[in-house]
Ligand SMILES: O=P(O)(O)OC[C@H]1O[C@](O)(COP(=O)(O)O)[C@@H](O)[C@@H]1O
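Just one chain follows, in the form predicted alone, and it is written as structure tokens.
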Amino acid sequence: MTGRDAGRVVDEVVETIAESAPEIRQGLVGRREDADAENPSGETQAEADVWADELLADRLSSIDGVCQYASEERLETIDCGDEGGLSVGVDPLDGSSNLKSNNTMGTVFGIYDDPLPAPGTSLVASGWVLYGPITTMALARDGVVEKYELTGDDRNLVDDDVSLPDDPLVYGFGGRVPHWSDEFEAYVREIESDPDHKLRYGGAMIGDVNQVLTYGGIFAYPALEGNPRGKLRLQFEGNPIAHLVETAGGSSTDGSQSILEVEPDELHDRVPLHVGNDELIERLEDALE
């Protein structure tokens, strides 16, 4: 696929997700209960998970130039029959466990120029939609991060060159503390001891990472005792988030290397995820050595 053709496909994917976001947000109403099913990672699905996945699968797989659609809610990719096109990986509803308490959620997406599973170096664009008090989209493309407000059918640009602030302010760490490694817990206590740092953790990764993008800092869902690959999925969460944060001038690591350099084995591979300001990520890698 030529660069011009790929650019058109990226445009259409981004526009489709942006136009679908208000509908997904409205569609959460009445779909807050569990669906009596599990996703391929063994997590209980909410009715909204399944509904949002089916909506995005139908719309994104219909775009000319998309060869694959994949999400964390389905076991296998959808082959769209457009060989040589771009692949789209999606977490349709990040943080759906927040549905019952009516807290923040989001949609995460990555657009790859290789079949999935693929490393993050294959991403040509990534982004997320945050269903907060305002519905916003952060988009990384062509070396720049942009932020939009989504209102009805409109996508309004509010920042055309987003970058992490130099002075980190917020931190959030996932996983149960008893399951953290000693090295990671020591690092966390060091971060917590700095009076300039503030805890921000809401149980929906995109909300927490967006805090880091806005204020600077670090978010991590680390390797855990009994689960050395952590919780988050490389294709649908790790790669897109790392790509966007790195494009905004930050860093990512699985503990020893950039998330974008991790070679996947399977579609639903997990990865320890740590993203944020360069200095905090460097200190983390030193602590985990």
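Owing to the predicted nature of the structure, the values given are computational and were not obtained by experimental measurement. Numbering starts at 1 and runs along the sequence shown.
Another form exists, predicted in complex with the named molecule; not displayed. Remarks below refer to it.
Relative to the named molecule in the predicted complex, residues Ser96, Gly203 and Arg233 are all within 4.5 Å by at least one heavy atom. Comparing 61-69, 225-233, 27-35, 257-265 against the named molecule in the predicted complex, the single stretch with non-hydrogen atoms within 4.5 angstroms of it is 225-233. Contact between Glu54 and the named molecule in the predicted complex is not found at the 4.5 Å heavy atom cutoff.
At the 4.5 Å threshold, heavy atoms of Tyr148 stay clear of the named molecule in the predicted complex, well away from it. In the predicted complex, none of the heavy atoms of Phe184 sits within 4.5 Å of a heavy atom of the named molecule.
Interface residue remark: Tyr112 is not counted as part of the site for the named molecule in the predicted complex, having no heavy atom within 4.5 Å.
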